[in-house]
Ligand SMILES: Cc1ncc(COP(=O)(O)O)c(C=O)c1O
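Below you'll find only one chain, the form predicted on its own, shown as structure tokens.
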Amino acid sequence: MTATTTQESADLFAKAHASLASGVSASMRINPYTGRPLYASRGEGAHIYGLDGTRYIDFNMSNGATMLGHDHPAVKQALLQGVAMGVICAAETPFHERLAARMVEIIPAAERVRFASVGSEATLVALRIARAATGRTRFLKFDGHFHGLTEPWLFKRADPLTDDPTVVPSSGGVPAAMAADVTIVPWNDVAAFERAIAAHGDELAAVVCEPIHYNAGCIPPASGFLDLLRERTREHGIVLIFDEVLSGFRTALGGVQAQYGVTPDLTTHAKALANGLPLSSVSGRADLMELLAPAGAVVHSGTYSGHLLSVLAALATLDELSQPGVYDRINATGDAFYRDLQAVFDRAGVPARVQGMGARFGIYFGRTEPVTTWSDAWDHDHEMNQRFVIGCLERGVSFHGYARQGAPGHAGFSLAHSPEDFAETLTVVETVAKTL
């Protein structure tokens, strides 16, 4: 039996409902396909262990945060250094300057950096800066792109499968009146974007996107699409924001903006930045960033912003990611694994499309054509995905489920995944695929 079916896990989940809302600390901890969290006892490298000691090859990796692998020795040493310093909080140290300077060096958009704690905070601050800089309130985002769980982002088109532009809240507790500030168009749809710019270009404070739409699996930008966003925003005095919370450090050290050669005005990072420690950042043009208090009037501060433990972990993480040949290895490993994974499904006659770039990927069941838009991803076969995820879990490979409708969510590997891990995974997937 696995940790997904043990009585110990079931009992703990039932007990947790007496003190935790819905029994968990975050809604996405519950795998909708199993109906409960995967309770972990420890992590090591590419593996996570259940309460009963079952070892899983982990293809969630802390929702993408643990880029180097669990229990990485350099990150652990950095944390021990921070503990020895006294777990300093709400104070600046030389390490904060050192990390910011390193990010300015490697991230094209970053002329100045401000640290925060989580991605939702960073994207909210980026929008706040854009509104202050332009004197406008309206912004444009793309169908299904995820920018955190603060109010500005919790909107969707009423029917993303049609041309209906009506925008509605996607969460309870969000005032419907805020939808007046939101324009949403399909990703990679040049005509729809041009129409929106023609109608609202002089009203928009910002255009924000996931430059690779990893939260829907992996939907890369169409050829020239990022260049178009850059050109039109510059023409209309709109602040272009790349949300690289998830895409940062996946395909290149400088992120998607370095890979594609398109530099936004502002950019956000989190997740892989500190290998599982809570740290986020907003960075960008100096004139925009200096609008932040205390130099400017845009408010941002926080007791835990740039917590020393996270800053030290990020320095260790960037040192590892900066080693020669790391991204050649990541991209070559990904290309080979995604090709082999696709071949397994093809041999089994399973309708599935594997799409990945760098260290993260998506599997779209129920289709074989390329996924280029949110509408394509919405057509995902969750019943088949459920059987796949549970079948893999039962055989020691962990893929996380994110939802029961819409896009399938994302998976990924770390630098700790070995050739043996990939070979074992492919063997398990081939076994499971034959049951689909």
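All values derive from a computational prediction rather than experimental measurement. One-based numbering along the sequence shown.
There is another form of the same protein, the form predicted together with the named molecule; it is not shown, and what comes next is about it.
Student: Counting any non-hydrogen atom inside 4.5 Å, which residue from 362, 148, 220, 358 sits next to the named molecule in the predicted complex?
Tutor: That would be 148.
Student: Using a 4.5 Å cut on heavy atoms, which of 281, 215, 310, 317 is close to the named molecule in the predicted complex?
Tutor: Selected residue: 215.
Student: Should residue 255 be counted as a contact of the named molecule in the predicted complex, where contact means heavy atoms within 4.5 Å?
Tutor: Outside the cut-off, so no.
Student: Within 4.5 Å, heavy atoms only: does residue 141 come near the named molecule in the predicted complex?
Tutor: The answer is no: residue 141 has no heavy atom within 4.5 Å of the named molecule.
Student: Hey, in the predicted complex, does residue 118 get a heavy atom within 4.5 angstroms of the named molecule?
Tutor: Residue-level check for residue 118: yes, a contact with the named molecule.
Student: Taking the named molecule as it sits in the predicted complex, is residue 266 in contact with it (heavy atom to heavy atom, 4.5 Å or less)?
Tutor: Residue 266: no, not in contact with the named molecule in the predicted complex.
Student: 238 to 246, 288 to 296, 257 to 265, 337 to 345: which one contacts the named molecule in the predicted complex at 4.5 Å, heavy atom to heavy atom?
Tutor: Looking at the partner contacts, the answer comes out as 238 to 246.
Student: Quick one: name the residues from 252 to 286 with any non-hydrogen atom within 4.5 angstroms of the named molecule in the predicted complex.
Tutor: Going through 252 to 286 in order - heavy atoms within 4.5 Å of the named molecule in the predicted complex - there is one hit, 271.
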